[in-house]
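Only one chain is given next, in structure tokens, and it is the form predicted on its own.
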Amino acid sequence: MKEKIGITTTVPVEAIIAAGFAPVDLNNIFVTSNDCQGYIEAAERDGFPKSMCAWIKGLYGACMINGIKKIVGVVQGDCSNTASLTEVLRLRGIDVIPFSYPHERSAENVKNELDRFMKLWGVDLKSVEAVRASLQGIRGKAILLDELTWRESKASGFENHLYQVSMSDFNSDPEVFEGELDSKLCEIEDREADEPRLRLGYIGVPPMMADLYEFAEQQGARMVYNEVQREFAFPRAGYAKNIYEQYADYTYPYDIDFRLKEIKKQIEERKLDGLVHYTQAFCHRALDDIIIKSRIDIPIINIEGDKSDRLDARTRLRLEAFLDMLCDRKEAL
């Protein structure tokens, strides 16, 4: 069995796989666990403050409880707390390999960081490109799943979320994951189309509360666009000439204007009625909401998650009111 390498967010897994290891996204271990609160509590017992983001505590707990010995920590371009998290993990004896998305998104900067990353894993560009080519088939199937959601109204918003978010590490085994994805695609393609009353987009980090998707569909709305999850799947990778271009085209780690350009394109193409912007308590990305609401011209609701993996009553009430408003607005147009 291949040694598992924990990752704190999407990184160039092609290099890790080329080196003979199996990437495992600590976020996915944490949020899909039946005991995600246990991961948070493990971190708090080890000294993490109550005011720290639940995701950071969850990553720590997932790493320690599951016996992960080596991780890749993204110290720039993702979470501002990850650098400190990696220092604590080093203190606990975890081997940490840092990775940074450059602050200034340029082909040269991305190439320099990727070359450094590949060197750390002892792999060359040729072997990494071979892995990248081998993953294109799975990435194409993720695009098909996305189209079955927004174009054909057959896949649910949760299915769209789940399979695209899993593309960050291919559930540690691309071959097995591709088989699971094939089965799901067959199941979805056999369904009758079910056009939702409202077409929503979900932007921001993947949610702590996965019941958000079920709740929206109970109200006649469907998330037909999951921004960051879709970026994890690299839907434009087929157009990239090499791995440098692929990771320079990944919107989430770079400036907000670059993200907004793709979000606006998808709003138009998918004919979205409104956006749900999810932010995590104690995360610096909550400030993005100010910019996003000033640059997007369709209704947006911001919901904030903390430790709970279920929607609370207040958030349900706010979402209901938001969806009612969208229905009235759509009927009036």
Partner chain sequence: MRALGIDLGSRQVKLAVMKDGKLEDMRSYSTMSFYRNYCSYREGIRLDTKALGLSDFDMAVSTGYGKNNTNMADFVQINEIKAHVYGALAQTGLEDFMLLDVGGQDVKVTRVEKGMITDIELNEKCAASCGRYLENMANVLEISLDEMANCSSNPIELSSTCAVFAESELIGKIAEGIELERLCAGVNHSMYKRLQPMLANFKGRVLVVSGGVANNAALTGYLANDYDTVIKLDNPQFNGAIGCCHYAARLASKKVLERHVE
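Residue numbers count along the first chain shown, from 1. In this text the structure is predicted, and so the values were computed from the model without any measurement.
The form predicted in complex with the partner chain is left out here; the points below concern that form.
Visitor: Tell me, which of 36, 300, 52, 267 has a heavy atom within 4.5 angstroms of the partner chain in the model of the complex?
Guide: After the contact test, the surviving option is 300.
Visitor: Does the partner chain come within 4.5 Å of any heavy atom of residue 324 in the model of the complex?
Guide: Within the cut-off, so yes.
Visitor: Even though the partner isn't displayed, in the model of the complex is residue 284 close enough to the partner chain, meaning a heavy atom within 4.5 Å?
Guide: Residue 284: no, not in contact with the partner chain in the model of the complex.
Visitor: So in the model of the complex, does any heavy atom of residue 296 sit within 4.5 Å of the partner chain?
Guide: Yes - in the model of the complex, heavy atoms of residue 296 and the partner chain come within 4.5 Å of each other.
Visitor: Is residue 328 close enough to touch the partner chain in the model of the complex, meaning at least one heavy atom pair within 4.5 Å?
Guide: Residue-level check for residue 328: yes, a contact with the partner chain.
Visitor: For the three residues 2, 4 and 92, which mark the spot I'm curious about, does each lie within 4.5 Å of the partner chain in the model of the complex through at least one heavy atom?
Guide: Per the other structure, none of 2, 4 and 92 touch the partner chain.
Visitor: Quick check for you: of 300-308, 40-48, 27-35, 54-62, which stretch puts a non-hydrogen atom within 4.5 Å of the partner chain in the model of the complex?
Guide: Partner-contacting stretch among the options: 300-308.
Visitor: For the stretch 229-261, I need every residue with any heavy atom inside 4.5 Å of the partner chain in the model of the complex, listed N to C.
Guide: Heavy-atom contacts to the partner chain in the model of the complex: nothing from 229-261.
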